[in-house]
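Here you get one chain, nothing else, as structure tokens; it is the form predicted alone.
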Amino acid sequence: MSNLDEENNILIDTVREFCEKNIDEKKIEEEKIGKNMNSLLASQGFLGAKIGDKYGGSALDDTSYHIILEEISKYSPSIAMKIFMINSLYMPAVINTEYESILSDVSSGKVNVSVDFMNDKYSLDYNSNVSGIIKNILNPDSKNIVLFDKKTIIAESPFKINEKDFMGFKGLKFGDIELDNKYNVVDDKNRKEDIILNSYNDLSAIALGIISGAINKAMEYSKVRTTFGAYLKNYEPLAFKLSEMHSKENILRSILYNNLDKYYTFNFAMDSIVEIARFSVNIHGGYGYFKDFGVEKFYRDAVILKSIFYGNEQLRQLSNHVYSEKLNFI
């Protein structure tokens, strides 16, 4: 890994040790991220990784933050997503507003918050309260939720939640909410695009962790699984493909931690994540779809991460960036 100093390497070891000791992803996906895990994450400074020390956060630089997201994603993409939602989405939405002070309780794990990044359009009524139904909210059991309508608003709990199953990030609750709640406008414009754009490298770090976790599982399995009297790693097509994917992992790690162009880094991460995770599952054969082998979660979460955050809009942004001008696409 490039551009990392001794302090960064110590952080890597610290996060890995924490994950190995405390994270049981199968249990987390079955029981969700609870109070005990929140307390553990807060005690390590992970929940408030980017939050200023004024509010009890760790006030980490980008490199340290990306190390946390990458390393935790290797064990639990769900926990990494929770940390991302707080530091990359919620904090930028509330900073310099009346809700900024709540960051103290957020970084300490006392308060749960959420940001709706899945919906682009709402049919909500605004009077003294905001009312309507919003589908597909990740982490809806929160004190308040940031919504990106014509303006950026915060709806305050309690929420009527219709909990549903969700394919990805199963450590977090998921469902629809029925609103008839107090709300406040925190910005007169919809800030979703700007906030997501500024989080490209953070998303790339999560993608890198998922890629790395999936490849590690595939490499380990290929060394112990035999067929027709030979280990899987000794079959050239498989070994060549795994080696190619491992090289992509290291390229992504290099460009991320050397702070190269965030558009290119994000595009490379999203272009690679599903292919690599799917291949890692396929190497396991039918066993790859069993939770006990610990690889299927990477594929599920890879698909969801890409489907939520990467599409034509992001490709338009990349094209505008390459041409250094806003294009009028036909």
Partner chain sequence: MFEEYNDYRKTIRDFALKEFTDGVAAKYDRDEEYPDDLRKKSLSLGIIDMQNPAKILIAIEELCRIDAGLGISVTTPYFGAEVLMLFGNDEQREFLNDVYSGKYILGLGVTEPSGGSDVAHIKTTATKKGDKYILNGSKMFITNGAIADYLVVLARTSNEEKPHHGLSTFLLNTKLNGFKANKLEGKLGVRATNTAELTFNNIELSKDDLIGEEGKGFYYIMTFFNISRIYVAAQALGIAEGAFDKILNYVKSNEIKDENTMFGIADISTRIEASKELTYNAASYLFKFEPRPQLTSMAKAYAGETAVYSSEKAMEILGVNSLNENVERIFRNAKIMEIWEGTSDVEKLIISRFILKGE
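Every value quoted in this text rests on a predicted model; they were computed, and no experiment measured them. Residue numbers count along the first chain shown, from 1.
We do not show the form predicted together with its partner chain, though everything after this point is about it.
With the partner absent here, would F174, Y299 and L315 each sit within 4.5 Å of its partner chain in the predicted bound form, counting heavy atoms only?
All of them do, each having a heavy atom within 4.5 Å of the partner.
Which of 112-120, 84-92, 99-107, 142-150 sits within 4.5 Å of its partner chain in the predicted bound form, heavy atom basis
Result of the contact check: 112-120.
Using a 4.5 Å heavy atom cut-off, state whether I304 contacts its partner chain in the predicted bound form.
So I304 counts as contacting its partner chain.
4.5 Å heavy atom contact, L60 to its partner chain in the predicted bound form
Result no; L60 lies far from its partner chain in the predicted bound form.
Does D188 make contact with its partner chain in the predicted bound form, using a 4.5 Å heavy atom cut-off?
D188: no, not in contact with its partner chain in the predicted bound form.
Does K27 reach its partner chain in the predicted bound form if we count a contact as any heavy atom within 4.5 Å?
No, K27 is distant from the partner.
Any residue of 278-301 that, in the predicted bound form, places a heavy atom within 4.5 Å of its partner chain
R278, V281, N282, G285, G286, Y287, Y289, F290, K291, E296, Y299, R300 sit within 4.5 Å of the partner.
Considering a change of 3 Å or more, are the Cα atoms of E178 and D120 closer or farther in the predicted bound form than here?
It is closer: the C-alpha separation of E178 and D120 falls by at least 3 Å in the predicted bound form.
Flagged pair K121/E178: C-alpha distance shifts by 3 angstroms or more in the predicted bound form. Which direction, closer or farther?
Result: closer.
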